[in-house]
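Just the one chain here, laid out as structure tokens, in the form predicted alone.
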Amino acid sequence: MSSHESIPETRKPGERLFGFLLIIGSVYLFWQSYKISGFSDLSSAGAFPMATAATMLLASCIVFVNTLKLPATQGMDFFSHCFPPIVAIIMALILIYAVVLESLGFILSSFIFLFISIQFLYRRSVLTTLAISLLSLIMVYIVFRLVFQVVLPEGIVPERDIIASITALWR
């Protein structure tokens, strides 16, 4: 086994676009770090973020130029390599989840999202998927709602009334 990786001889689909987007992101980060305190002093609050962003920008440019020199890989297209159908389906589920989260509430929309996603990806029995979804949702709810007291969208489930009823049992 070799201790170093070999240099790729061909460019995969999407590498040029990714390199270009990396440069754009680096320029944006450099600009944001410049806005902290400008070039005022080497020990200023924005000096380290600017140095980091400048390093990232330089590395991005080197990677992008090297990528441009490589010939394209034959027989690979962008969508099958970078955006396969399973990724598109999960992204669509996340989009739908984000849209219905406020109206349905965290508990119901998260349960539906988890159930459909786990059933689609794990492909086990419905009872197994149901158990994993419920257990995951209970754990997430306990951590975020009860421990960290994050306010989650209530939606159509009367969450406050349920919590008040449960709390009243211990009084």
Partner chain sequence: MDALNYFAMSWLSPDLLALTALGTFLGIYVGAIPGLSVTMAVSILISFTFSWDVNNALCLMVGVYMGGVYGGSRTAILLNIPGAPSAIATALDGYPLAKKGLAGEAIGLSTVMSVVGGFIGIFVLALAAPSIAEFAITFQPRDYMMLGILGIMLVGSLSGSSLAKGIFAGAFGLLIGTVGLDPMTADERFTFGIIELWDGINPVAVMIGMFGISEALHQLQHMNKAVIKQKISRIIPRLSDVKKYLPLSIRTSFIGVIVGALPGTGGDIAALMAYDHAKRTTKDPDVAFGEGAKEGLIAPESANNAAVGGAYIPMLTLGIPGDAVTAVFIGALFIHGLNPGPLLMVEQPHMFWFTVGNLTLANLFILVFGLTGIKLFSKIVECPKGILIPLIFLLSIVGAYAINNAITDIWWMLAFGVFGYFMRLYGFPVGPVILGVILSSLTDENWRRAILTERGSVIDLFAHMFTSPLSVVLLMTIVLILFTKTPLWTKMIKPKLFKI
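Fair warning: this is a prediction, and the values are worked out from it, not measured in the lab. C-alpha atoms forming the largest set that superposes within 1.5 Å between two forms make up the rigid core. Residue numbers count along the first chain shown, from 1.
Unshown form predicted in complex with its partner chain; subsequent notes refer to it.
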query: Can you check whether V157 is within 4.5 Å of its partner chain in the model of the complex, heavy atom basis?
result: no
query: Can any non-hydrogen atom of I90 be found within 4.5 angstroms of its partner chain in the model of the complex?
result: yes
- prompt: Does V151 reach its partner chain in the model of the complex if we count a contact as any heavy atom within 4.5 Å?
  reply: yes
In the model of the complex, Y122 touching its partner chain (heavy atom, 4.5 Å): yes
- request: Could you list the residues in 38-66 that come within 4.5 Å of its partner chain in the model of the complex, counting only heavy atoms and keeping sequence order?
  value: L42, S43, S44, A45, A47, F48, P49, T52, A53, T55, M56, A59, S60, I62, V63
query: If we fit on the core, is the Cα of S103 displaced 2 Å or more between the shown form and the other one?
result: no
- prompt: Under a superposition restricted to the rigid core, does E159 display a Cα displacement of 2 angstroms or more between the shown form and the other one?
  reply: no
